[in-house]
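Next comes just one chain, in structure tokens: the form predicted alone.
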């Protein structure tokens, strides 16, 4: 076991925890991968329509960028994911790079990742790993929001429009800063080598980067034994076009490899 009982119980209760120094030996590998990704963006890369600075993100590049391949197959990420999800297996879902350059005040809006995805389940986790120190916490979470009855309305990050067209039973996007006593917000100063783990359903956002240092992060996302394909009212993000799966299927292992445990 890499995690303690406290790590696991805190994650199950709050939907987010921080691990200190677990990826210290992998910082250079991640930095190489992000540099390669920014030099050669994939088809899903976005600049997020910022008017000041630069907010780059891209995903689904792990098979073409060797450093990311090593992170998925050789790092402790898969074992950590299985342990915190309390799952026999950890199945890799996708990678995501996020870079906010200095002087980029645009925040990442409050949201859940789950409504954007083609998968749902109780056993899901993102490992968000910073490449730069942030003394004033940037990534923020609403504790316990992974247990809300309804999911938060998914929006476009560029203009706050509906991500899916048509009516759906979404919860309005929350704003815990308006009434800070109503919700518990979790946030931590972070250093390279740390990892923040959170459930796909945990509501989170991030501050803009008005300071003088860039903020790079790699996120690796995993699902566990109970995860199943779900129909959404439109194209998901990532879209995974032509996947051939139907509602209720397990993720196909030739696209989404099981990296820890046996199927």
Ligand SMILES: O=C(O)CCC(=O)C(=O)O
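Positions refer to the first chain, counted from 1. Everything numeric in this text was worked out from a predicted model, so none of it was measured.
Omitted from view is the form predicted together with this ligand, to which the following refers.
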property: Heavy atom of residue 92 within 4.5 Å of this ligand in the model of the complex; result: no
property: Residue 232: touches this ligand in the model of the complex, heavy atom cutoff 4.5 angstroms; result: no
property: 4.5 Å heavy atom contact, residue 67 to this ligand in the model of the complex; result: no
property: is_contact(residue 201, this ligand) in the model of the complex, heavy atom dist at most 4.5 Å; result: no
property: Which of 147 to 155, 95 to 103, 169 to 177, 67 to 75 lines the interface with this ligand in the model of the complex (heavy atom within 4.5 Å); result: 95 to 103
property: Heavy atom within 4.5 Å of this ligand in the model of the complex - residue from 142, 139, 131, 118; result: 139
property: Heavy atom contacts to this ligand in the model of the complex at 4.5 Å, residues of 35 to 58 in sequence order; result: 55
